[in-house]
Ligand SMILES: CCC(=O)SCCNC(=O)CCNC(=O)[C@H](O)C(C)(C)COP(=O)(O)OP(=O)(O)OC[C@H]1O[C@@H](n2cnc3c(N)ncnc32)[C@H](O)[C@@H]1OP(=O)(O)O
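One chain comes next, on its own, written as structure tokens: the form predicted alone.
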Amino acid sequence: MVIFIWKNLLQTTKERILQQRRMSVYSQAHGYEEELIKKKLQQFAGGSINLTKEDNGIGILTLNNPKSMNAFTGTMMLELQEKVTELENWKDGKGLIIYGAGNTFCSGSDLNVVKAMSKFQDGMNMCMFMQNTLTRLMRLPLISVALVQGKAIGGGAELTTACDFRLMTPGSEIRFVHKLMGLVPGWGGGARLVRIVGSRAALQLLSGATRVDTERALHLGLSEETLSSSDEAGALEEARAWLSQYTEGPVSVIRAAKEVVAGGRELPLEAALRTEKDIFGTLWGGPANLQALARSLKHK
């Protein structure tokens, strides 16, 4: 009877955590019209978002529109949302690498989309659509890495901030160019940047539209490491090796660690503590915990 109650409680806890992870920032209550913006985005085709899920639990998400420096077309924005949903349902996933085809990361929004969405409400709906998608991406129970080759500019720079880590290749750069377009970030990149580098550095990068090379990115904490490979295949292999040091171990434990951090990052302290308690409860007495106890693990 006790075991049955514990299992039901465990399942309820997991379902609640899953529901929280998928919650959107905006809904109809905020004037957000998702179906309307989806229909409009569908009109601007080109490029693709590709996802492969490897047996080691690492997913590879590829921005594939190299003729436009992997700029997001309307259909690519829709496909990104679809891939995030697929990753939310991937129970064996532990890590995610996001990179751009053709040795460059992403140049933000395709100008055809930007010009066609010049009306206020269209722009606001697109802003809310991408904020919702990138927030769900950030909340995935996968340890995520943006592999920056070439340029990550505008919306591409914002996308890097939705990942847990950033790796850069020699000669690459991250640049928030929104000021030059008479804008500020609209995909949530400004708010996330403050949490990564602090308000002072974030203000410098946004108001100066500053080019951030590999050396400065390391100094600011915007990048974790500069890889040695410049070619696409070599850099991707290095990124896999770098990420594997954090994804080695049971799926349940790796995903729980990410969820604890995500809760601590987003929630007020008391709510974060309760979330951590709930996640702890999904592991205590579980297979990974019992196996470790059976091995009498000691840590020196």
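Predicted model only: the values in this text are computed from it and were never measured. Just count from 1 along the sequence shown to find any residue number.
In what follows, reference is made to the form predicted in complex with the ligand, a form of this protein that is not presented.
The single contact residue among V177, M124, A101, L78, judged by any heavy atom lying within 4.5 Å of the ligand in the predicted bound form, is V177. For the options A262, I254, M69, I37, the residue carrying a heavy atom within 4.5 angstroms of the ligand in the predicted bound form is M69.
Taking the partner from the other structure, the ligand in the predicted bound form has no heavy atom within 4.5 Å of any heavy atom of R139. Proximity of G93 to the ligand in the predicted bound form: non-hydrogen atoms within 4.5 Å are absent; the residue sits far from the partner.
Using a 4.5 angstroms threshold between heavy atoms, G108 counts as touching the ligand in the predicted bound form. Put simply, K151 is close to the ligand in the predicted bound form: some heavy atom of it is within 4.5 Å. Here the chain stands by itself, but in the predicted bound form one stretch of 196 to 204, 181 to 189, 83 to 91, 224 to 232, 181 to 189, has heavy atoms within 4.5 Å of the ligand.
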